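Just so you know, structure 1 and structure 2 below are the same protein chain in two forms, each on its own as structure tokens.
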Structure 1
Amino acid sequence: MRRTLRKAKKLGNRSSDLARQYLAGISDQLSGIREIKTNALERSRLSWLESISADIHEEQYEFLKLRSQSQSAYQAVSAILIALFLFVFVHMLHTRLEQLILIVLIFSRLWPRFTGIQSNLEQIASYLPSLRSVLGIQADCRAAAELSFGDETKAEGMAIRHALECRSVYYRYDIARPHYALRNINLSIPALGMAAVVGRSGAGKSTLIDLLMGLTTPEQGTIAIDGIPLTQERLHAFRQSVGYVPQDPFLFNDTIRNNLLLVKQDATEDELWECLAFSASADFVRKLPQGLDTFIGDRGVRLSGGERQRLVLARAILRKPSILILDEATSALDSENELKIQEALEKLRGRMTLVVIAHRLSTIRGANQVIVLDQGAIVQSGSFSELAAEKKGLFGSLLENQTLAASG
């Protein structure tokens, strides 16, 4: 029994690993179908699918073979034991026939139970690795769970009157490693101003934005709103006051109207068109066949990249946030669409606090404050003109490189 259980457990580990690889690979192929087709990778991806399917088939075959072999072995052993049993009791112990029949009957009824127990143990052993994985995920989710304070959807937004601050903030993704994604971050973003966060790739810009939105909690230090630390009790109210426009815009497979109403279900028709006008989206929406009721496909595939980006900006504006955060929202757009986004942001200045992660430094000339990150630390902070004048600084170097690239 121990031998077959060890084999079943080994097969269970393999089954769990193969399932993880299969699901991850299928998800990657569906997400990267454009890259696969444009680079003519269909044959290599199909070969991968055939290979992992063969591995899964072999693993399932091995498990069925193990069960069949164990059942056959038990049946053979049971036949031998019954023969030995009869021989011992009849020829050696001279047992009476009626007693022998009773014992054989009891034995024949009990033996299938033992084989059933063994079969169930093998199946349980094969499922144990998957169970441990699920339990581990549950434990991680419980450890990362946020406190709940009633119906978060009804929480009122938090108006920011003075400033959003980071006070001696440290953060790392893996506490077992010494490397910090952010180190000793101290900054203050004034209300109704525009702050830009710049730096090389991997400097910690997106990590800082996640902290400012309350999506992650600092390992050390605090995030404060108007001087009051952001605690779990205030977290949902704070998120109601934050609008976010990511670099990769996400829209649901629904109408434009329903995509906008996600953030404010009771919004009126006038409010919808107002936010579309602010985001420079009203003109192209009016030209669509059904206007606001036009279906835009999975992730907004029926719209251009610039149109999707502007719709996501409109959705963020609709909830009338105190803080609007744009995470490199114009980096993938052409100059025309980038200009429209910039014009929309100019309309919003003075109405809400703007925090912009910028890849193209020319787009943040109007920022009141520019924060330069490098290797998780703030290395420069000031106005655009001040930092541009510091030729030896990182910002001056980044600006010069982009200017040379544009002119070349």
Structure 2
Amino acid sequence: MRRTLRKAKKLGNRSSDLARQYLAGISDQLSGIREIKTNALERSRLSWLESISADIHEEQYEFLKLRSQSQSAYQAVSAILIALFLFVFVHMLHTRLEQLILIVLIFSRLWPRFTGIQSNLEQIASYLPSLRSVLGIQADCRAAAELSFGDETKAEGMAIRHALECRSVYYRYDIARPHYALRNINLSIPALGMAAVVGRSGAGKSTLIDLLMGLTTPEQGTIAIDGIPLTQERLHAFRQSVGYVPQDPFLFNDTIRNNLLLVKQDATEDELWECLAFSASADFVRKLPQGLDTFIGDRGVRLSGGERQRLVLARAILRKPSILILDEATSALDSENELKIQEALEKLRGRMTLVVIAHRLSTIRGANQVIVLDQGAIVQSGSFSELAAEKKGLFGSLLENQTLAASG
């Protein structure tokens, strides 16, 4: 019994492994269908599918084989036992036949229960690895939980009155490696101002934004709002007052209206159009056949990248956040629409705190404070004109490259 149980456990390990690979591969395949088609990867993806299907098939087959083997072993043993039993009782103890038949009958009714125990044990043994990984995921989720269910409705927005600060913040993605994504970050973003974060790609800009919003916590140092550290308890209240437009905007598979109403259920029609106008999207929404009630598909696939960005911006504004964070939110826009957004941001100045990451430095011309990141550290900071004057710095060279590109 023990040997087959060990085997069943091993098969269970393999089956949960295979299931994981299969699900990950299939979802990659579906979301990467463009890459597959344009790079003519159909054949290799198909052979991957065939090979993993064959593995799953074999694993299932092994398991069935194991079960029927142990069952047939049990049956053989039971036949021998009954034969022995009859022999001993009839020949040596001279028991009466009707008694024997009764005993055999009882025995034959009981026996399947025993074999049942074995096959159930095998089944359990094969499920153990899956159970273990589910329990592991549950424990991870509990450890990472930010608040208990129901608390989120209680949180009131928390406006910034003075400043949002980072004090000696260090962060790395992989604790096991010495590479820090951010090192010794000290900064203070005054309330109602406009701060810009610039730097080459991979410098750590998005990482800094994640920390500022409390999506990740620093390994060392603190993030503070008006001088009070951002702790777990205050996190949710703080996020209620943040409007965020990420680098890859996300929209739900629903209508434009519902995507907007998601963040503010009681918004009026006028409010919706006001936000759309603000984000330079009113025109294209008006032109859609069903206007606000147009379905936009999975992740908004029926819109262009720039249209998606503008809708996510509209959604961020709708909540009237006290701090608005744009992470390269204008990267997919043409210069005309970018100019519109730039003007709109200008109008928001003094009404909310703005933190803007932009590749095109023209977008951040109006910033009170520009923070230049390079390889995870702040290398320069100051006003736009101050930094532009320092020809030797990284900002100067970024600026020069863009002016060259624009004039060339």
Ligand SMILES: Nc1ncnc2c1ncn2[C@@H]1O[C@H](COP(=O)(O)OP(=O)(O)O)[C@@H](O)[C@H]1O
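Quick caveat: nothing in here was measured; it's all calculated off a predicted structure. Residue indices: 1-based, along structure 1. Definition used throughout: the rigid core is the maximal C-alpha set that superposes within 1.5 Å between two forms.
Can you spot the form predicted together with the named molecule among structures 1 and 2? It is the second structure that is the form predicted together with the named molecule.
Displaced residue check between the two structures: Phe85, CA, 2 Å or over, core reference: Yes, because once the rigid core is superposed, the C-alpha of Phe85 moves 2 Å or more between the two structures.
Take the rigid core as the frame of reference and indicate whether the C-alpha of Ser362 shifts by 2 Å or more between the two structures. Yes, its C-alpha moves 2 Å or more.
Hey, does Thr207 budge by 2 Å or more at the Cα between the two structures once the core is superposed? Result for Thr207: yes, a 2 Å-plus shift.
With the two forms matched on the core, what distance in Å separates the two CA positions of Lys392 between the two structures? Here the C-alpha difference is 4.9 Å.
Rigid core superposed, Gln220 Cα shift between the two structures in Å? Here the C-alpha difference is 2.9 Å.
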